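Only one chain comes next, encoded as structure tokens, the form predicted alone.
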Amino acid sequence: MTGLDFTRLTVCPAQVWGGVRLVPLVREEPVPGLRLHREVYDRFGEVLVSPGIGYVSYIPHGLVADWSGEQSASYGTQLDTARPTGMAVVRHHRMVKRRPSKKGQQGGAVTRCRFLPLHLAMEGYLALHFGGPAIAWNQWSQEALRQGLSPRSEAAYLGLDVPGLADALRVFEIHPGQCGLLVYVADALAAAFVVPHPDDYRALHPTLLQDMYGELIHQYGHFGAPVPDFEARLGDGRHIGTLADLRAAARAQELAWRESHDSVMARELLGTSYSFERVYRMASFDMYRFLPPFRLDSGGQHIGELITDHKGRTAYLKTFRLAPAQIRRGHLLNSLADNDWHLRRTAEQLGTTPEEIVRRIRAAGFGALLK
């Protein structure tokens, strides 16, 4: 698998609010055998990355994938109009944690797992060549050889901090059968979100405000101008004499919008080849995280996490658009790793000098790796 498969996901007309354009994705039929629920935490918790290594983070919520096939309310559902009470945050032993089929049922078949949205994707990016130089060349420091890129960090912004996004999501009209959304800010693709069932989407729609967004999207939200709405044009109307003609003309405009959207606006997401890493298997579904090729000559590039069915079709998707500086860091790390962290060979591959590679390493924030 090298790309994203949006089979059975249909693009509907966009809705615009200021500089934010929201493009709904609709399924004719829900994905059978998989549901996605939300667990509210709304407090700080510790995530254990590996034995002896962890980090403390604010965790607004987690997602629970359920492939038991049982029809039930979302785990943690509360019948109250007040603000929901967050569930207790216990020590998270891993990014994806298995759950038995029912709460308190130990030893039963595992049909659920809990994961933190976008953490799989971000962890995959932060772990890119995390071990550092594989050969002790003279240019690298002892710290780089012992600890690699640790500590490694990246900045992101909360959806609430992206101007216009909260209002756009609040006034957004959810379509019947809607199972996903593509978020554009100043017509730059900010994020993609897909779930298996329309009821899951309706419940998780507000969580888009608590997702992470890249620096570029934050800047576009502040400085981008309002985007125009794409209006359907039916010509001069001379060939429309009946309701059937009007319906056919409207459907033709819908088809034209879908083709132009997929081939132009969403091309950077759907037309890119990714490297996928499978992180979990749940019956006939697979969970992956993926990284882009980190090309410097292309447009926007996205990291993300994905659940596919047995045919590779998208059941769940959440993406994060990388800023240009983050793409350059990924490109630099890939180039160094491809050349066993040898500066001269890396410079020859990139058509530059070792001094320029040293400058790029320092500019990327990896200066501590050098002597």
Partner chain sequence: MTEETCSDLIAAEDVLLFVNAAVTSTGQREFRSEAHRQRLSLDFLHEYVRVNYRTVYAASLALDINDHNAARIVEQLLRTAGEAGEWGQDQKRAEGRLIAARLALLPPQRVYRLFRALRAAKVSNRRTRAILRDWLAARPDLGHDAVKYRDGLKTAARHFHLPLKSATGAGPAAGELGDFLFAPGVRPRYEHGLLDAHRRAHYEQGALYELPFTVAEGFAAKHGVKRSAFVERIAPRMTRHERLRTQRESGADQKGAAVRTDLSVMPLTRLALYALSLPVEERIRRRAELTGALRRAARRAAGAYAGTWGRVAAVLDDSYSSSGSGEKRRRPLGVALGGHFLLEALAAPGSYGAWWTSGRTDPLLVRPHGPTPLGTRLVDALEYAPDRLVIVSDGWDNAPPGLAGEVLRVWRTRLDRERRTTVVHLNPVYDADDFDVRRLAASVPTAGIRDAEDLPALAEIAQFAEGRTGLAELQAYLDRRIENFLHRYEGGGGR
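Please read all numbers here as calculations on a predicted model, not as lab measurements. Numbering follows the first chain given and starts at 1.
Missing here is the form predicted in complex with its partner chain; even so, the following discussion is about that form.
- The stretch that touches its partner chain in the model of the complex, counting heavy atoms within 4.5 Å, is 229-237, out of 183-191, 229-237, 123-131, 153-161.
- Comment: its partner chain is not present in this chain, but in the model of the complex one of 174, 296, 256, 209 has a heavy atom within 4.5 Å of it, namely 174.
- At the 4.5 Å threshold, heavy atoms of residue 247 reach its partner chain in the model of the complex.
- Although the partner is absent here, residue 242 is a contact residue: one of its heavy atoms lies within 4.5 angstroms of its partner chain in the model of the complex.
- Under a 4.5 angstroms non-hydrogen atom cutoff, its partner chain in the model of the complex lacks residue 146 among its neighbouring residues.
- Heavy atoms of residue 354 never reach within 4.5 Å of its partner chain in the model of the complex, leaving it off the interface.
- Contact with its partner chain in the model of the complex, defined as a heavy atom within 4.5 Å, is made by all three of 14, 170 and 202.
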